[in-house]
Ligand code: BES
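One chain comes next, on its own, written out as structure tokens in the form predicted alone.
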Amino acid sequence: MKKTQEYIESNKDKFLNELVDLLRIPSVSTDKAYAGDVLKAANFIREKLASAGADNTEVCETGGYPIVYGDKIIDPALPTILVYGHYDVQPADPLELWDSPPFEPVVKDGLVIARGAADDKGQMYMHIKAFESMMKTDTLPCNVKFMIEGEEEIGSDSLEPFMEANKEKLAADVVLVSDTAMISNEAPSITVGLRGLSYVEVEVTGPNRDLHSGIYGGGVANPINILSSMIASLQDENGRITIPGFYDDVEDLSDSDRHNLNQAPFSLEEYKSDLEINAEKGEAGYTTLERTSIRPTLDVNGIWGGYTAPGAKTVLPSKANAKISMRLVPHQSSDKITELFQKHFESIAPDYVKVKVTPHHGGEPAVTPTDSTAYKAAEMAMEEAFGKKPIPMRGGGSIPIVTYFERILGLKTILMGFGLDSNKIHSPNENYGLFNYYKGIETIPLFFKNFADLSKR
């Protein structure tokens, strides 16, 4: 792999400049105002795949945003790796909290700062540059297919039907994804589990119009007050979720597994200092590492109602709304949890308001084996690149499509991410380390080589 690594070293500036060009495209999938930019990002990816050496590159139409495909089949008898990533990004709001414009990338202090830098443009683009490096040095050891989507941040609605319709086209031996984080640059890790997701929006309606709070206050229910009370009741004083049946299918790990999980390097004091909080908060009886990986959660992601503009307006609002996400653990079903939430939320609504629950997207929890050929290939690759064996870790986030890969394509997924928790994904000043970007490009060819070699045995 010496030629490949030399090519990477001599092209670092080019690789970074191309990533910056991609980050300039505001491909926000959740806002239709950016639809043209999402399509621009898709075409950018297709062009870069083609110039890197991929065949059959295309922007595949779907019921939503397109999926970019490309492949390189050097020998049908060799194993095939299916690379997945996404080119869409989260909204940049609140804009006033960014130190620089979110779609005008800044390279500073060893970081590239922009929306999408780590989630997932930087991590996805590593694969294209690693592929280019292997192609330009004639060292690609196995077949590769790329499937890069534009709807991950809004639930990947088009991905499932696309895979159902293209099973033969997408046939492979393993899926490789970089959309997760490591413990640290000094303690590399491979994600072996993800939480599922149930995401809902709730609306509480009181009077048929906004009212003068002086004339009507005290005589009519205030939807914001009611919604706040309802949300507060969803968790008890010990941080446990109060929805009946919520924990019925939760997997309880053994004492041994919990012990092993907590051996990962973690400093609670550094955690609090980084977040500028005085104390951690979560479900009683569990450590912070456990709370953020093997336990389910319920969180309000947004809440609004009434008058929120500058100044004062004495209004009693007609409606109040909130967006709520629940992270799920193995054996919990997103459909079941969404149904349980809806029934419970409607049942606790007092008579003087009306309640509406609108399910959004969801996804299932996933656990990947650590005894597979693909995992061993990833473990060996990271150990060679970082100089130490990676730690298998469960992640707290959700990548719903991992279960699609297994159910539709019959494929296990390797979650070999190079991000860090400090990358501020989904937040202002999202960033990605140049060390991580280049280290990912260096590590991916090692995975390809190891997977090809181990598959022969």
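Quick caveat, the model's predicted, so the values are computed rather than measured. Start at 1 with the first residue shown and count on from there.
Heads up, the form predicted in complex with the named molecule isn't pictured, but that's what we're talking about next.
Please determine whether residue 426 contacts the named molecule in the model of the complex, using a 4.5 Å cut-off between heavy atoms.
Yes, residue 426 is a contact residue.
Would you check, heavy atoms only and a 4.5 Å threshold, whether residue 149 touches the named molecule in the model of the complex?
Heavy-atom contact with the named molecule at 4.5 Å: absent for residue 149.
Check residue 194 for me: does it contact the named molecule in the model of the complex (non-hydrogen atoms, 4.5 angstroms)?
Judged by the heavy-atom cut-off of 4.5 Å, residue 194 is in contact with the named molecule in the model of the complex.
Using heavy atoms and a 4.5 Å limit, would one call residue 400 a contact residue for the named molecule in the model of the complex?
It does: once the named molecule is placed as it appears in the model of the complex, residue 400 has a heavy atom within 4.5 Å of it.
So which of 361, 323, 258, 376 gets a non-hydrogen atom within 4.5 Å of the named molecule in the model of the complex?
Looking at 361, 323, 258, 376 one by one, just 361 meets the 4.5 Å heavy-atom criterion.
With the named molecule left out of view, choose which of 332, 368, 293, 180 has a non-hydrogen atom within 4.5 angstroms of it in the model of the complex.
Looking at the other structure, the residue within range turns out to be 180.
Where, among 30-38, 56-64, 384-392, 418-426, do residues come within 4.5 Å of the named molecule in the model of the complex by heavy atom distance?
Answer to the contact question: 418-426.
So in the model of the complex, are 18, 48 and 115 all sitting within 4.5 Å of the named molecule, heavy atoms only?
Verified in the model of the complex; spot residues all out of contact, no.
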